[in-house]
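Next up: a single chain in C-alpha cells, the form predicted alone.
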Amino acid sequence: MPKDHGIGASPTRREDVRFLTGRGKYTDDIALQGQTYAVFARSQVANGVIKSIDTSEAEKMPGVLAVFTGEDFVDVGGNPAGWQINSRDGEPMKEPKRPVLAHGKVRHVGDAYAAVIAETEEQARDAAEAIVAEIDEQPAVVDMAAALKDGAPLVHDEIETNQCFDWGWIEDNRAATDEAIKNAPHVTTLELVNNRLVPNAMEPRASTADYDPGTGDYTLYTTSQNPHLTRLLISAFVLGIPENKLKVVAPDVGGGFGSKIYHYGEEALVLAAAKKIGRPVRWTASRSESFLTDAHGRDHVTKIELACEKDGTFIAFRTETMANVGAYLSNFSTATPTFLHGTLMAGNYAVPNVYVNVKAVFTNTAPVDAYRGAGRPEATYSLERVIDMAARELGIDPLEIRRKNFVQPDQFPFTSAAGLEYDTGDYGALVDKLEEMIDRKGFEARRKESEKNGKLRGLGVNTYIEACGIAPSNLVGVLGSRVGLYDAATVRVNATGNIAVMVGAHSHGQGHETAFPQVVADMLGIDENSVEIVHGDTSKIPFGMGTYGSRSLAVCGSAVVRATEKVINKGKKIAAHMLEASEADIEFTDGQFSVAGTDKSVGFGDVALKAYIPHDFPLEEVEPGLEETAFYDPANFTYPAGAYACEVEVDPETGKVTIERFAAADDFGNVINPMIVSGQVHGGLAQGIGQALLENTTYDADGQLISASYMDYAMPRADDVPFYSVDHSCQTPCTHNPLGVKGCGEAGAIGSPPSVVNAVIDALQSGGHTNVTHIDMPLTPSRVWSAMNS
C-alpha cells in the first residue's frame, strides 16, 4: 500500500488551495498606501548612441512626480555576473558595466534609458511617451559569427571586442582528445543550433518599493526566485544600500524557470525612486516588456565530434560552441555555457576523452541566462543527437550503442572525463524500464499502421545525466562562482508543539509548502499539517541562495534535516530531565522520547511545552526554548539520470509532427512526494517539446525582435503534447546528502528535445528520406517539409 503521509507519500499540494481559489498573493497584488507607478522608456533600436534625452514635457504632464534617466545612476555600481570565467590563455572575461538605466548607448531593443514615476500607471505611460530621445542608430550585430569578425559593430566600445571569453575545458585534455579523434576508426560530426527561448512565466516580472525616512529602511517586493541574492547584489554592487536596511520580499511567484533568479535594473530603479519621492513605487511588466527584457535562454551554435571504434565504443567527444550572452552579462550568464554545460559533456558514458571550447559572444539582443536546465539541456542535446547519428552511420541499435558505453554500476563513484564525480547510478536499469514502458517490440506494427494512413512514424530515444543541487561552495568557488551556494533552515518549535520552518529556498511552483513539511513531520512523528513553511522574506528567513538548479530538497531540504536533528537532540536533553534518566539512554521514535529498555516515555508535544516552561531546568545544561538553525553546504552535486523515448507521426504532405507517445524513466534518488515529482517532470517535458517543435526567438538583421508576442512566438498548448508515461522507480539514492535525493525539476526539459528530434529523423529515414540526417529546432512543419523536399 502507498504511504498516506511522510516521506514517500503523495498528499495533495496544500498551497494549491489558495492558488486555485484566487487567494494567492503576488507582487502586483500588494497595494501600499500612497503607491505610485513606474513606466520605462525603452529603446526602439538595437544599437545607438544617446545624443540627448529631453524630459521637460514629460515632467510637466499631469500626475508626474519624477523622471529618471541613466545620468541619474552614472555614479552607482553595475549589476555583476555571478561567475568569473577565464579564457583558455588565463585572461579574465570581459565584464562591461550593466547600468540601472542605459546611458551613453542603448544596446538592445527594449534597453531602458528613462523612467517616469506618476500617480497612475496611465499617467506614467503617457509621460514616458512624451520623452524625446535623440538616439543615433548604429549598425547592430545579432549573428554571433559576424560579431566575432574584425570590424564588426561593437556592443561595448570600451572593451574593444564582442568576445566575452574563449574558454576551454578541460585544457589538459585538449591534446589527447585531438589525437584520439585524429586516429579514430570512425568520427561523426554534427553542427547544430540550440534555439533561443523566451521563458514566458505565467506571472510577468513586477517590483514594488517602499522607503521609510524615519528609519532609513527600504522594502522591495519583487518576483524573485532568490530574494537574498537580490538584496546582496543591490546592497554590495548596485545602489550601496546597507544590507541591514534593505528587506526583500518575494511573495507568491507565478513561475520563473530561471528568469527570476537574477537582479534586474527595474528593482533598483523603484527603490531609488521610492526614496526620492517619499512614496511607494510599483512597476509591473507588460507581456511585451517581458519578451524584450526578461533574460532569454539557450542560444548556442555548436559543432560536436564523436570518435568511436567501428563497434560503437566511444573514444572521444569534442565540441566547439558559440554561446550568445546578449547585450549585457546577467548573473548566471557566464556559468551556464561553461560549468553548467561543459562539465556534462561526458554524459552517462565512460568515454576517456572530452574537450569543450566555448566562446561567449556579446550581441545587440536581450541578455541570455539560465533557463530551465541551464546548460544541461544544451549539453545533452548535442551529445544525444551526435550519438544517434553515429548509431545510424554504424548500423547499431540506438539504445544498444548507449548501453555499450554506459558507466557501469560497479564503477561508481566515477570521475568522468569532463571532471565530475558521479556518486551513484544504474543507467542500464533505466533503459530496461524504458523499453518496458514503450512496448518497443510493438513499434514496427504501429509504424506500419501509420504508413497505411499515409503518415511516417519514428521512434527517438536518448539518455541523460545532469548535475543538480547547485553547490558545493568549495567546488563552485574553484569554478569561478563569486558566492557560496549553501542553503539554510530554521526550525522553530512553538510551545504548543506546532512548527514554523524558515527556509532559504523559494517556492515558485515546486510545492515546498507540501514537501518540506513531509520531511519534518516524518522525522518528528507528528502531523504534517502542524508544520508551516516560511520563505521569501529576507527579514524572516536565514540567508539562503534561493531555488534553481533542482537544489531545493538536495540543499535546503538537507539544511531542514540538519536543523530538525538539532531539535531532536535538544529534545532528548529535555526528555532526559523530565524522565529522570541519562541523556544517553533516551531514544526518539514516532514522536515519542523513551528510556531505552523501559516503558517510560514522553511525547514530542510535552517536550516542546516543557522547553518553554523551564521552571526546573538545569540551566547550565539546557537552555530554554526549542529552535535550531542549520546551514548546509553539500560535498558534491547530485546526478539525476534518465532514459526517454518519443514516438511521432509526420505528415509527408505538410511536414506536421504529432507526438503520439512519450515515456520518461528517471532516477531521482529517494522521492519525497511522487505526485509532485511527476508534475515537475510533466512540466519539463512540455517545455522541452515546446523547444523541439514550436518555440523560437528570432531577431532580424537590425536587432528587432520579430517574435515579440504570442502572435509570433508559439507556446505549446494542450493538444501539442501527449499523455506522458513517467516512472521514477529506478532509484539509486544520492550518497552525500541526508535525504538521498537528487533533484527532478529540470529533467523533462533536458531529456525531451533530443528524443523528439531523434524521433522525427527516424520517421523521415524510414520514409526514404535518407539524406535528412539533422534538422535544427524548432521542427516546424515548414522546416520538416523543406528538409523532406530539399
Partner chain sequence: MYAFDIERPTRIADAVKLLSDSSESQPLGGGQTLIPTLKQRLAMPERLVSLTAIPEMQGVCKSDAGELCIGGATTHATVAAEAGDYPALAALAANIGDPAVRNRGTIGGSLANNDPSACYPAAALGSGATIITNAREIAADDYFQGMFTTALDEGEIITEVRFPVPEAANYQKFDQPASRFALTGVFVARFADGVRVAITGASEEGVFRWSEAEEALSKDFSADAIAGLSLSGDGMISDLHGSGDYRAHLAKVLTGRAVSAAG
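Everything numeric in this text was worked out from a predicted model, so none of it was measured. Numbering follows the first chain given and starts at 1.
Same protein, other form: the form predicted together with the partner chain, not shown, and the subject of what follows.
Residues with any non-hydrogen atom within 4.5 angstroms of the partner chain in the model of the complex fall in just one of 90 to 98, 511 to 519, 353 to 361, 126 to 134: 126 to 134. With the partner removed from view, the residue among 713, 588, 412, 443 that has a non-hydrogen atom within 4.5 Å of the partner chain in the model of the complex turns out to be 713. Here is the short version: of 572, 566, 656, 404, the single residue with a heavy atom within 4.5 Å of the partner chain in the model of the complex is 656. At a distance threshold of 4.5 angstroms between non-hydrogen atoms, residue 172 is out of contact with the partner chain in the model of the complex.
Using a 4.5 angstroms threshold between heavy atoms, residue 694 counts as touching the partner chain in the model of the complex. Contact annotation: residue 145 falls outside 4.5 Å of the partner chain in the model of the complex, judged by heavy atom distances. Although the partner is absent here, residue 782 is a contact residue: one of its heavy atoms lies within 4.5 angstroms of the partner chain in the model of the complex.
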